[in-house]
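In structure tokens, the next block holds one chain alone, the form predicted on its own.
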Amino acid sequence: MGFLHYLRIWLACARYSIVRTMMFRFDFLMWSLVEFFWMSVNLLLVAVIYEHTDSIAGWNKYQMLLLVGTAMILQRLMMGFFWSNLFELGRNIRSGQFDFFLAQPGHPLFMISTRKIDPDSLINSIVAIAVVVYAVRQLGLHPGAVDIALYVALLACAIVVHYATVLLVVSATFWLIGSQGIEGTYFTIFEFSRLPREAFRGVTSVLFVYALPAVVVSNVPAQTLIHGFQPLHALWLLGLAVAWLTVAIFVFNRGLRRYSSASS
């Protein structure tokens, strides 16, 4: 099965998701507003903090806004494209509905990951992009086409890390009765992505900067716009994306074999 085959499948799933969303416009509007409110609270918190200080870990107000905007872009895209699909994986495994994906015209992991999209999250990603653009202007930065391309490429690597983290967590359902509590740790871990890497010291630095990819995913793209391209940091994020995705796919495939043998 080639790229065009999977592209057609994804486009069909996306079209179905949009049509279904338009059938429940009030829900779409409500969840869009809820997410917008959550994002506004985060931005307001930055504004309040910087009323009392000029710098946090060497980051000024607009550098922090750029970092928070980057973190919000990542989370909105993750929620828009993958979260609902992966979150339902555990429930489908427990209920036996996972068999439905094994009969689909594509690899089970692709079918699980792309069955639907959430337009409300994708709409709010535009707001997050606007925050980054505003911060860039206030900082007097003038990124060229190459800088923007590097920023987007690093965002793509960060999205892979987000995706791999959630896939790794929900794949535990192949072995556990339920993973609802574990799934919630994703939000807890990646809340730290809105903080500068320099703010972490000692054990917290080891845990959230090096052991877990919570901080790197947002800091590296943001620092690329602020300070220019830093090859070592970019390679660090790329290596994390490859490593975490490899482990997540390995664990999922092991769980898939376990599920197949249990149902046969």
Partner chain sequence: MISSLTKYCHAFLVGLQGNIVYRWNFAFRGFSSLFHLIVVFTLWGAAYAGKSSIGGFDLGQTLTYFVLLLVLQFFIGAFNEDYQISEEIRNGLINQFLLKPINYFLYRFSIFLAARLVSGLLVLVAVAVALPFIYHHLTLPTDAWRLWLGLPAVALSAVIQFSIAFCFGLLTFWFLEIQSFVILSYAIETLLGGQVFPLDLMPASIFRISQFLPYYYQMYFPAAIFTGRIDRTQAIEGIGIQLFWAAALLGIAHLLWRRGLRRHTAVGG
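Just so it is clear, the model here is predicted, and its values are computed rather than measured. Residue numbers count along the first chain shown, from 1.
Quick note: we don't show the form predicted together with its partner chain, though the next part is all about it.
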Quick one: find which of 188 to 196, 108 to 116, 139 to 147, 90 to 98 has residues within 4.5 Å of its partner chain in the predicted complex by heavy atom distance.
188 to 196
Can you tell me if S55 lies within 4.5 angstroms of its partner chain in the predicted complex, counting non-hydrogen atoms only?
yes
Is L225 part of the interface with its partner chain in the predicted complex - any heavy atom within 4.5 Å?
no
Taking its partner chain as it sits in the predicted complex, is F200 near enough to touch it, meaning that at least one heavy atom pair lies within 4.5 angstroms?
yes
Is it the case that M64, even though its partner is missing from this view, gets within 4.5 Å of its partner chain in the predicted complex, heavy atoms only?
yes
Does its partner chain, in the predicted complex, lie within 4.5 angstroms of each residue among F26, V34 and T204, using heavy atoms as the measure?
yes
Going by heavy atoms, what in 33 to 47 lies within 4.5 angstroms of its partner chain in the predicted complex?
L33, V34, F37, W38, V41, L44, L45
